[in-house]
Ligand code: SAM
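What follows is one chain in structure tokens, specifically the form predicted on its own.
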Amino acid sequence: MNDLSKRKVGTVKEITSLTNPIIKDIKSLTQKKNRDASNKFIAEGLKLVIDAIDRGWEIEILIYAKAAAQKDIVQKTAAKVVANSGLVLEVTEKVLTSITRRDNPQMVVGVFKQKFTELNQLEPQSGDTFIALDRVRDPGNLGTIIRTADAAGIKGVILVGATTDAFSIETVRATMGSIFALPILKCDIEAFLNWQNAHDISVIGSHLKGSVDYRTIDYKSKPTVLLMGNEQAGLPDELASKCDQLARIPQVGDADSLNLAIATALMSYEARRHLLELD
């Protein structure tokens, strides 16, 4: 893949061809290897793009459909991108469909630089709650968790081990813009455990064999990390053994487990409820 940053910037260009080299490079970002190589990703939707820019995320390319060209907000956003040396593309809906890989695509798409927060930059404070995810594999789950974390006031999402890509088009789509709103971190198990040992925090693991009802846990005496296991395997012993408590979510039906995103949402809002009681 050619480096998108080498493209002529600070300009507006009209493109109608699916075989245009710039479009080919943008489409290549649907593959993880190309996202990793370029450190870029695709995000869809005008509001999402505007919110990302307002939050200080670096946009390299703005793509909008001809049908949206006359909208004042689109023109203002395009002018802002050009002023910041970005590239603006006016394209056909057919080209947009090829980029997003779905019919009836959003009329505005942005190509942004990826941004991860370093784990050693996190200094947990009283009242902080974080989510740590062990080897989460489903992009829809990850995106939903990031969106829920944003809504519940979680201070950051830590990806532990070989997780799905936080900047895949499916994950970003599922976050509904929350990918831009809170710190995303990634590390291996050793780094996570070292960070845990370096701070006075409470790590609460969700576990099918947990002995403590998640509603009875003290989430407010210390900064808290909600540690959630892989969709299929749950938490490995290496992580479960290092938790301060192993929590369970009571179930009365025949299902043997909850969806990871649902379980994380329940625990996130329970932690928030306890903190609100403190306030």
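Since the structure is predicted, the reported quantities are computational estimates derived from the model, not experimental observations. Note that residue numbering begins at 1 and tracks the sequence as displayed.
Form predicted in complex with the ligand: not shown, discussed below.
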Given that the partner is absent here, does Q251 sit within 4.5 Å of the ligand in the predicted complex, heavy atoms only?
yes
Does at least one non-hydrogen atom of H207 fall within 4.5 angstroms of the ligand in the predicted complex?
yes
According to a 4.5 angstroms non-hydrogen atom cut-off, is G45 in contact with the ligand in the predicted complex?
no
The ligand contact at L239 in the predicted complex, heavy atom, 4.5 Å
no
Given 30 to 38, 49 to 57, 225 to 233, 65 to 73, the stretch touching the ligand in the predicted complex at heavy atoms within 4.5 Å is 225 to 233
Sort through V12, A265, I15, L258 and report the residue having a heavy atom within 4.5 Å of the ligand in the predicted complex.
L258
